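One chain comes next, on its own, written as structure tokens: the form predicted on its own.
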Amino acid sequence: MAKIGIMSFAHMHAYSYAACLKELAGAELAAVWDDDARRGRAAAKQFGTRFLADMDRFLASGLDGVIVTSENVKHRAMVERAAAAGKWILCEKPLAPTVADAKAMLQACKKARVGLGTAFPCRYSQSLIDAREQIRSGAFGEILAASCTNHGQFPGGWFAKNELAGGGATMDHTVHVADVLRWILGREFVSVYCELGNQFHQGAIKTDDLGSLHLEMEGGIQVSHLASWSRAKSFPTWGDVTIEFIGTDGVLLVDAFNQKLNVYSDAAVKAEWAYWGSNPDLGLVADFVRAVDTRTEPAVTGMDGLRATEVTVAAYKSARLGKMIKI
């Protein structure tokens, strides 16, 4: 039985990961630590586990692995502490808001000989798995270009504070698409041009809520990507991940979260979409538990997180300088 702890419930994904741990027969959510004690106690009570206010006591409580779901800028410190304590680690995306922090996290885990995974659950979406298999089989010939979106609702709170998030919607939503494209196409990104906007929350937040990116991958593959917090509170679901692949032998359009039921809710006083497909978060957490049990690297590695961070950091540099940036 893998004993897993969660470090911080600042990120909403922590609640999904906790629910996944409760669902897996071979795992136990053994403890919660949070620098916000009130939030941590509430989460521990919700998921039927213990809250430990002291980080050292938390890390010394017999845990086999930890999931880090704090604010982005706190990832490095928590990962370094957990690695020094000999814990396997799954870190929320982005792995870090800077390349230097991401590299330091990889080095700390290498030195401590512990596994480091990055939370990219889209790799466990069945539609994206099927797309990867078809593209790698050659069914669409040589892939020439891809057009991508990752639109979502504004998460609020620390996500709009650069000092905690390191960026806005472009930081939040580019890493998913960058990772999926690397995974499906087996190519690295070589350059990016980006323009940022604050067009949906003008005056309300000080960071970007829209990023328009043009990227190039190895082999000359051209990629366009729109990342945004553009979905209204009344929108039926949180957002989307879509990719249109253009190949020499055909075009493949993937809408990763389009398996849904229309729900007309009197409680919510709006129409909602209830997703009924496979649970990507469960696949992600199950793989992490496997890595903990076998003392091997998670399938989505810290290096994968670093590569996605490099793309995002270069995008912000491009927007700041107004020119294409080599990655």
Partner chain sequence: MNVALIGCSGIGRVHAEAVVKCGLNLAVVADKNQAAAQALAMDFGGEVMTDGLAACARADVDVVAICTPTPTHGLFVKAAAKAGKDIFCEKPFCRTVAECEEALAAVNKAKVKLFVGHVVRYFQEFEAMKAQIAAGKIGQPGFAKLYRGGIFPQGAELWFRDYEKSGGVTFDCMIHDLDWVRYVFGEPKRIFCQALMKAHAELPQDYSQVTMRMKNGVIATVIGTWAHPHGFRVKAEICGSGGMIQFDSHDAPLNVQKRQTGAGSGMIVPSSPVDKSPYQLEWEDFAGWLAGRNKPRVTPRDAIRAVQMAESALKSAETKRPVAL
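Positions refer to the first chain, counted from 1. Only a predicted model underlies this, so the values are computations on that prediction, with no experimental measurement involved.
Unshown form predicted together with its partner chain; subsequent notes refer to it.
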item	value
4.5 Å heavy atom contact, residue 200 and its partner chain in the predicted complex	yes
Interface membership of residue 196, its partner chain in the predicted complex, 4.5 Å heavy atom rule	yes
Residue 107, heavy atom within 4.5 angstroms of its partner chain in the predicted complex	no
Contact label in the predicted complex: residue 247 to its partner chain, heavy atom within 4.5 Å	yes
Location of its partner chain contact in the predicted complex, chosen stretch of 172-180, 123-131, 78-86, 142-150 [non-hydrogen atom, 4.5 Å]	142-150
Partner-contacting position among 231, 103, 187, 161 - heavy atom within 4.5 Å of its partner chain in the predicted complex	231
Partner-contacting position among 223, 114, 165, 119 - heavy atom within 4.5 Å of its partner chain in the predicted complex	223
Contact at 9, 25 and 61 by its partner chain in the predicted complex, all three, heavy atom at most 4.5 Å	no
Within 4.5 Å of its partner chain in the predicted complex: residues from 87-111 (heavy atom criterion)	none
